[in-house]
Structure formats: C-alpha cells, structure tokens
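Next up: just one chain, as structure tokens, the form predicted alone.
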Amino acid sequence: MEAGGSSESPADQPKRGKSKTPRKAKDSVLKQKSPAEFFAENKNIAGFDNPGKCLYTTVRELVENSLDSAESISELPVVEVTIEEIGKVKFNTMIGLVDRERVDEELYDDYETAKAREKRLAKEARNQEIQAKNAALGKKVKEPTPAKAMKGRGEASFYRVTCKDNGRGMPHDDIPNMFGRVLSGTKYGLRQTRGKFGLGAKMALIWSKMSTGLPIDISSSMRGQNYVSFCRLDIDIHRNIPHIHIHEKLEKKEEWHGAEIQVVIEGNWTTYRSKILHYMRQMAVITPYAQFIFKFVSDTSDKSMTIKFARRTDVMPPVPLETKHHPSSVDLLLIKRLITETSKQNILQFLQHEFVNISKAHAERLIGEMGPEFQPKMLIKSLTDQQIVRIHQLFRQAKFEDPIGDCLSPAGEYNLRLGIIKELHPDMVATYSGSAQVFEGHPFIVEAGVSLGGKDVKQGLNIFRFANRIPLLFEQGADVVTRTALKRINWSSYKINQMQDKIGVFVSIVSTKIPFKGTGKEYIGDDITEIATAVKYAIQQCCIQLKSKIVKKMQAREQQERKRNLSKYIPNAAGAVYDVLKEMAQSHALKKKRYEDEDATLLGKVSTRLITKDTLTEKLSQHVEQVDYEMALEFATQSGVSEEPREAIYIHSLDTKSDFIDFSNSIFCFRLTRERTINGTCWTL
C-alpha cells in the first residue's frame, strides 16, 4: 500500500500542477515614485488642499519668487499679479473642446427629480406665506434669499494667474529644469529663505497639469540681454522631467529684466478672495519697499478690481547670506554628506572650514578628544562609519559658541513701522527688534510691533504672523505668537483694554530654520522655549513704549479738561475780581490814600475805566491759553512730536549716479548723498 500510494500521489500532483496555467514570474514587486509623482499624490503637503487653497498658494508662491528675484540684485521690487476668471465656454475653447448638449439629464449630478422639485416648491411657498403674514402684522420682512443653483461636481472654475516682476530673470537654458523638475532650484543651502519646501511654481505647474492639462508660459530676460526667453512647458510627472512645447528667444522690444509667469489652474475665488487680499495686504506691511499691483479680471464688471499697494520707502534689508552649519545642529547623515562634498583634505581643515565657530585651536582640541586613532592630518575621506559616529557624538556633547546671526536678514524696525503705518493708519504704534538668539544651533531674530486704532481693524487682538518675511494666515490658534498674545501678556497693566481697543500685534521671526509644525507648515509651535520667550519679550517691549505714550496722552487729555474748566469759570472769576477792584477804587478815592505805587496806579485805571470786566476776562483767557501752550509744548517735547510746520524733504533720484549713505532708526531715515560737480564734491542731506 505504501508503494502504491507513493507511486500514485507524486505522479498525480505534478500532473494537476501542470494542467493549470502557469503564473508569470515577476522580477520584483517594488515600485518607485518620482518626486513630482509624490507631491502630485500628496499635494496637501505643499498647501494645495482644495481648489480655493490652490489658487491662494499659487499666488503666494509666485509673489515670493518675484520678491526673492528682485532682492537678489538689490532692485526695489515691483510685482504685478493678475487673476483672470475663465468661463466654461472660454476654457473649452482654449483646450479645443466642443460643447455638447445633454442627452440623458438623469445621468448628471445636478439633475433634480420631480419629487425633489415638488419639495423645493412647497418650501418656497411656505416661506412666502410666512413673509406675507409678517408683513400684515407690521413685522420686519426679511428679503427672500435666492435659491442656490445646483452645481455639479464636474463644474469647476478656472483662472489664469499671471505674475510679472523686475527681478534677476533666468538663464535661457536653465528655464526648463527650473520649472519642470521637482526638487531642483537655486535656494537650497543653509540660509534664510521665504520658501517652505523649495517647490515654488513647480507645484502650481503640477496642479495645472492635474486640473486643466494646460502648460505654463514663462517669459524672462536678464540684465544685458538683447532678447526675451520664452518657454512653454509642462512636466512629466512620472519621470520628473520637463516636457517642452516651445523654447525660443524673442526680440526684446522694451528695456525690461525679470520674469513673467502665466498658468491656468482650477480654483475658487469666491471662498478664498479674502485670504488672497489679506495676504497681499500683509505682504505690503512686511515689505514696504516693494510695490504690488493686484488685479482681478472678470466678465462681470462689478467683480473686477485693481488694488495698488504703493511703495513707502526705498530702504531694503540686506540679502540673506548662506552660512555654514553649527556643530550642534548637524546629524549623522549631514556629516557624511559634508565629508563627501568637501574639498578639504584632512580632518583639521574639515572641522575649521565646514562648520562655524570652530577655530584651529578648538579643532585640535576636538580631534584630541576623539581618541588616539584620530590625527589632525588624517585624510577626511578615509574615516570609517564608526569614526564618523564618534564625531557626531562629540558634536552633541561638546560646548560651542552660539552663531552670531549675521547671515539673517530681518525686515528691520524701520520697515516694520512704516508698513504698519502705511496699511493700518493706527493712532499709535510701537516696534522692537531683538538681537540674534539661538535654538538647536540655528540663529533667529524676533521683531514685533503693536498698534492701537487704525483703519479696518477690529476690536480686540488682531494678530499678524510672519516667518522669514512671509505672512502666515492659517492655523493661527496653535501658533506661538497667538498663544503668547492671548495668554502671556497682561494687557491691562499697560493701560490697554484687550476686549475694546483695536490692537494690532505684529511678530516677525527670521531664521535659517523655521520650526514649523504640521504638514502644511502654517504655524510655529509653542514648544520651543527660546522662541516663546523671545516673542513674549518683544511684545512686552512694544507695550512698554505704548504705555508711556498712553499715559502722556491721558495727561494731555486731563490738561485739556482743566483748560475747559478754567475757561468755563473765567467770566464769573473776572466779574468777581472786577467788583472787588471797583470797591477798592471807590474807597481809595473817598478816604485818605490807603494804597501806594503800583496798587494805586491799578486802582486809578479801574476808576477811569481803563480796566474793565472785559479787560480782565481777556487777560485771564490769555493766561489760560499761555499755560496750556506751555504744557502742550512740554508734552510734545517729551513725546517727540514737533510743533513746527512740516516741510517737504526732497531726496535725489536713485537713478542718478551718486553715492549715498542712509542714516535710519525706527522713526526716521536720512540719506546723505554725495554728488560730484565741477567745483568739487557736494554732500546733500
């Protein structure tokens, strides 16, 4: 039986296996995604959550790129942003699609059944009856709200977003890769940057490809070029390479340098209109040296608008500098990359030149602490993984001097104050700029401004947050600035009513590494003690300045009140004094002389009516005015307000070839200009 069983079953099993269709063996089950494909599938990470947010983020990315481009060549930025609404018919014409009438109405999402229509009409009839009864009883009748038109899921809104600047422009051959290859750009490195992911307009191109399928148009020209580069391209998402439609050099018809980018995307202007306008307004606050022109173009004339945010100053902050890594901020992977990319030969040179705050003597001490297997002349490329780990451990344990923060470029107290005054027109404003501080080896600077009153400012706290000179408009509740202003500042101790006063709180944080929280990087966490402490201190310094101004204003108000009270009793006081003087003059004339010298002269004038009640009233009024003027002058001197008439100050045009030096603080800016004339050199203020 065993033999029979063994001879039967093995024979049957292979036969049954061979009778089935054999499966095709796969070489590998692993799949790869390109960076472009990853961000296309996870577009919410880059701020492209929904059509409305996509429109907002596209505007933001283009504006910030334009500012960076202009500032990189020390050019006062001029940025024009245009959002053009594109109807369904126009969009279909653009893509060459012919509109077709519906054949099967029930197939569409916005189809209304007979039952639903009957229900809707019944509801409208009931509302009309209620409105009629209220009108008959004399009650206030609400205007009937128009029925919302049913919008199908496929009915999208499309917009052409155009951004033009006067920046550096782009090299002709680099344009395709700068827009059509994700995670490639010019801003990588350790420096203060406006961007959050390094995607820029690439994400707008990906969204355009996903929502409309249309390419992006780029026009660019650099200084000294006699042509304009024009490129029309989209992106091959799966391969992460540009797909070029047109790339050519055109004749340059006008003197212009910069870039003009045009992209058509799906969006929602209605829901994100206020966010986009708030973004432009706050950008005008933090960059008062830039001029912004924003246009919204629609077929409906009442929806179209043009807003100009004029330049207020020509004082620009310095360009952020690329810096080296601080030893306490590096990780193991970064150390290995620096070893791979360094041009230095030995470990001593590597430590000195690839990190900040490591001198030659300090590097030698560190090498001695690493162990006997480390020598100053040891080749850096010969380090083993274990030796690199030892370097990393020592970096985490050793003591290093903090970075000084000279690589940072804050907006500046002068610019921040100007921006607040230009956009909000407050009654009072105070600003403060702190010194550089450090968290986790990264330098940061906190600037703050607090304003009272102003145009279009709501009662209570109005918080404006900036990170590396860009506005943060989302997820405000968890931000360190919001929590500090709401919970850690005792506003009443500074004579400020938190609920009734119109308070503007502006906080700008710049750093080589902004510690954003969340996938969208829209707020700064409250868990970093160094930043939270610096934010609180900066706001408090502004409040102290405001308290001094508020107290002086209250004193001036009290002085005015005293003046009104004195003026009110002047007629009665003058009448009483005149009656006393008149009685004294009569007794002086009837009896022997009781008064001599000046007193007798005064009484004589009263008797001859050279001094009357009106005379005393006029003199008392003049005295009150004189006292009030002296008090006001003292108040103005203490508060820094000039009573002298204001005169226009003319500054020479920046276009002329002249040397100049700026003298500025938080209140003023003086420019001393040197011009070379026939008679010599002339300095003009």
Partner chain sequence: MAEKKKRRRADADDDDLPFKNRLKPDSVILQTLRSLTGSAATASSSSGAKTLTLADLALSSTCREVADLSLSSVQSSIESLILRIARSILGGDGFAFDVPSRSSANQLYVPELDRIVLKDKNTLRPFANVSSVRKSTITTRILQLIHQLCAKSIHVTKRDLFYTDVKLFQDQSQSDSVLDDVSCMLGCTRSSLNVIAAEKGVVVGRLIFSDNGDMIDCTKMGMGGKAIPPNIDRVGDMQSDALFILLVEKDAAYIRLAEDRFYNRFPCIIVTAKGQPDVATRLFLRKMKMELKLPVLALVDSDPYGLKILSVYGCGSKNMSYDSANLTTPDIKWLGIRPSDLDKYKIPEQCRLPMTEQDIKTGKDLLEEDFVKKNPGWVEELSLMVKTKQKAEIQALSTFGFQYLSEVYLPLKLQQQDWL
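Computed from a prediction, not measured in an experiment: that's the story for all the values here. Residue numbers count along the first chain shown, from 1. Only the largest set of C-alpha atoms that superpose within 1.5 Å between the two forms is called the rigid core.
Although it is not shown, the form predicted together with the partner chain is what the next lines describe.
Contacting member of Met378, Ile544, Ala573, Leu190, with respect to the partner chain in the predicted complex [4.5 Å, heavy atom]: After the contact test, the surviving option is Ala573.
Val319, Ile550, Leu566, Leu338 - the one with a heavy atom within 4.5 Å of the partner chain in the predicted complex: Partner contact (heavy atom, 4.5 Å) among the options: Leu566.
Non-hydrogen atom within 4.5 angstroms of the partner chain in the predicted complex for each of Asp331, Leu351 and Ile367: Heavy-atom distance to the partner chain in the predicted complex: none of the three under 4.5 Å.
Which of 120-128, 297-305, 492-500, 575-583 lines the interface with the partner chain in the predicted complex (heavy atom within 4.5 Å): Selected stretch: 575-583.
Any non-hydrogen atom of Tyr595 within 4.5 angstroms of the partner chain in the predicted complex: The answer is yes: Tyr595 has a heavy atom within 4.5 Å of the partner chain.
Close approach of Leu602 to the partner chain in the predicted complex, 4.5 Å, heavy atom: Output for Leu602 is yes: heavy atoms within 4.5 Å of the partner chain.
Contact of Lys619 with the partner chain in the predicted complex (heavy atom, 4.5 Å): Although the partner chain is absent here, Lys619 would touch it in the predicted complex, with heavy atoms inside 4.5 Å.
Exercise: Ile45 in contact with the partner chain in the predicted complex, heavy atom 4.5 Å: Looking in the predicted complex, residue contacts with the partner chain do not include Ile45, since no heavy atom lies within 4.5 Å.
Asn565 C-alpha shift between this form and the one not shown of 2 Å or more, rigid core reference: Yes, the C-alpha position differs by at least 2 Å between this form and the one not shown.
Cα displacement of Asp173 between this form and the one not shown reaching 2 Å, rigid core superposed: No: Asp173 shifts by under 2 Å between this form and the one not shown.
Core-aligned C-alpha movement of Glu37 between this form and the one not shown, 2 Å or more: Glu37 C-alpha, core-superposed: shift of less than 2 Å.
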